[in-house]
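Given next, in structure tokens, is a single chain: the form predicted on its own.
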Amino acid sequence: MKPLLESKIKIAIVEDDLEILDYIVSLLKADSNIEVVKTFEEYNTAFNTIPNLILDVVVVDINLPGQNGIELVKALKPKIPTIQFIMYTSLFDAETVFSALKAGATGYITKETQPDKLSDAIKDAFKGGAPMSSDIARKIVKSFHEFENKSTNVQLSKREKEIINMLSQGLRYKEIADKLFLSTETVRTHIRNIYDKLQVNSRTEALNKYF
């Protein structure tokens, strides 16, 4: 695979299952756009080492020995806010998904997803996206419909609700614009209004607060 980026995306992986770890390392090393800088098998070593590394993305399993991967993200994100965290796990219940996003995860990919999609998710997160497996996106949308009237006292317009629904699916501004037959700048204006109403500054904060 020819490089598509000016420099490689530097990543670390936190995964305690050595068979899975070896597999995804070999998979990602085959992608010339990605450099696997370091791997970890448990919480403590990852927590102590990751802040000292130059990284763009960290892929984190949730079921780790001792404290879990969500706690790791929650502890590290304030220390290294520029690094994007992607959960890579077999768990996909709604409570776990939202706990991970609230902790600061940028993306959520299930291990049932096709392996090559992990490479795509890393690139997406690096470019500012919020990658999620299709089953996770559906779960978020379902939760949105079930709880949209109970989740917040903030009154969003019908259009704003449509847009935050699409944000929850990980869609980019242009993709939302295309689906709603709007200009990208109009979508940006709606999103700024959503952020103002929710008193937040980012997609992740908006989804956490609204849901």
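Predicted model, so just to flag it, every value in this text is computed and none were measured. What we label the rigid core is the largest C-alpha set whose atoms superpose within 1.5 Å from one form to the other. Heads up: residue numbers just count along the shown sequence, starting at 1.
Same protein, other form: the form predicted in complex with the DNA, not shown, and the subject of what follows.
Visitor: Does the 4.5 Å heavy atom contact test between residue 158 and the DNA in the predicted complex come out positive?
Guide: Result yes; residue 158 sits at the interface with the DNA in the predicted complex.
Visitor: Consider residue 10 of the chain shown here, and say whether it contacts the DNA in the predicted complex, taking contact as heavy atoms within 4.5 Å.
Guide: Because no heavy atom of residue 10 falls inside 4.5 Å of the DNA in the predicted complex, the answer is no.
Visitor: Could you tell me if residue 183 has a non-hydrogen atom within 4.5 Å of the DNA in the predicted complex?
Guide: Residue 183: contacts the DNA in the predicted complex.
Visitor: I'd like to know whether residue 173 contacts the DNA in the predicted complex, with contact meaning heavy atoms within 4.5 angstroms.
Guide: Close contact exists here: in the predicted complex, residue 173 approaches the DNA to within 4.5 Å, heavy atoms only.
Visitor: Thinking of the DNA in the predicted complex, which stretch from 175-183, 24-32, 38-46, 55-63 has heavy atoms inside 4.5 Å of it?
Guide: Going by heavy atoms within 4.5 Å, the stretch is 175-183.
Visitor: Comparing between the shown form and the other one on the rigid core, is the C-alpha shift at residue 23 2 Å or larger?
Guide: After core superposition, the C-alpha of residue 23 moves less than 2 Å between the shown form and the other one.
Visitor: With both forms fitted on the core, check whether the Cα of residue 187 differs by 2 Å or more between the shown form and the other one.
Guide: Yes; that C-alpha moves by at least 2 Å between the shown form and the other one.
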